[in-house]
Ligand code: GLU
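Next comes just one chain, in structure tokens: the form predicted on its own.
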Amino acid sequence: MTVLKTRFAPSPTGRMHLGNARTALFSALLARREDGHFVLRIEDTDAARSSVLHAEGVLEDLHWLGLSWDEGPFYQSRRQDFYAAHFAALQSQARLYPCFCTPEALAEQRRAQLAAGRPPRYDGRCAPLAPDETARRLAAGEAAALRFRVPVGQMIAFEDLIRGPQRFDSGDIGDFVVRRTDGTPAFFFSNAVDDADMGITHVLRGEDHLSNTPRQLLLLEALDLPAPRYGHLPLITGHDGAPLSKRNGSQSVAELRAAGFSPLALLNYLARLGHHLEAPGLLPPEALAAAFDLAAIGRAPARFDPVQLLHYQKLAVAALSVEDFLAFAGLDASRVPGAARGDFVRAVAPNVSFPAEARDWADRLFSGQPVIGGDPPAALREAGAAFFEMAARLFDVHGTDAKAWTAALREQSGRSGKALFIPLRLALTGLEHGPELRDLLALMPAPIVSGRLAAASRLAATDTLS
């Protein structure tokens, strides 16, 4: 039986964006679901735009996401002899010809066609050049690309895995470049012959590649090579309906990682972006693979929703064990005392989405640093210095028994509800909201509690005097 093989084949011209990441994920999930192979190929033949650092970034991002590959990484820049053999095979069939058109001439062709209301395509002006004329110009050192002669009057049809039946008239395509003027293979060529050579059976890629598919099918047919099945994924858009970009909220995978997102959260969100999953909640990678279904991929653009991504981030953080949470937050024993680690995580985790938030809570609970600046909040000023002096005296009696302490304070101060608890929260943490006060009080060292209450009393007294 033929092993199902998918691939992820990015060009290393920048950091991986969410569209790339979703394509990689869907390709990996399809392979995992069918016990197939997931192949990684770096398409770095465009030397002017490709970067070794960006290629390394692709591997780094995939490792972080947990998308391991079974074969590769293969680098197209190291396969020039392989491409040369296939160029020679096409030249022996007279399927290729040199094209001497400059970028300026091609741009002028395009402008004229658009002005006339025609779809832009190469007009074939170099196709009829006589062999001796071609040889003379090449001998003179004139730069030339190689174009593939598209057959006339042929209908190219295929069944898209997502979009169903597709038909293209060869007359609408135009002869296309397969080798650049610098001798490197163009995308249409290297992408197609590599898929055949590597045994790729299923290609998932963005819908912007849909018009490339008939060109690649023509190439594979001419070379008598097997063609994979193609599926073209819907576009990802931003909040404004435009293609997702920096302008409308897009971030690279590296930026999301730096911001503290969990890879499992991103995987769960991307698995549902344009793909319907019945199973709710946070799913491990193996469950995502089992639930993946090509038939559940929509054809309409999928809108990126940062609120939904944050929802899965909260689920991922809530699912962490004590040790994993502390590692996620970068908190060691110098920031959270060993005896308090478990209680700290249980208290603050429901209020935390990112590592910086957890570190902030650790500082608020265990650091001797002030938590209120020079301008006291209104609720603290309104409570007054006497309230915090009373709170400090009663804390000396009841200690970390929050229930007894707040009950006594309620009775002696006459305050209750928000009028009682918000000034206390402000004094102890600098914030009006957060984890349960009783949980925080149980964690905080007594000297820090006493010091914070004394500081609140001084600030309230200073504000009253001013």
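From 1 onward, residues are counted along the sequence shown. This one's a predicted model, so the numbers in the text were calculated from it and none came from an experiment.
Separately, the form predicted together with glutamic acid exists; it is not shown, and the next lines address it.
This chain lacks the partner; the member of His209, Arg346, His276, Arg110 within 4.5 angstroms of glutamic acid in the predicted complex by a non-hydrogen atom is His209. When glutamic acid is considered in the predicted complex, Ser262 lies well away from it, no heavy atom lying within 4.5 Å.
Interface membership of Arg205, defined by any non-hydrogen atom within 4.5 Å of glutamic acid in the predicted complex, is confirmed.
Of the heavy atoms in Gln313, none are within 4.5 Å of glutamic acid in the predicted complex. Glutamic acid is not drawn, but in the predicted complex it has no heavy atom within 4.5 Å of Ser457. Here the chain stands alone, but in the predicted complex its contact with glutamic acid, taken as any heavy atom within 4.5 Å, falls in 184-192 among 253-261, 149-157, 129-137, 184-192. Contacts between 5-34 and glutamic acid, taken as any heavy atom within 4.5 Å in the predicted complex, involve Arg7, Ala9, Pro10, Ser11.
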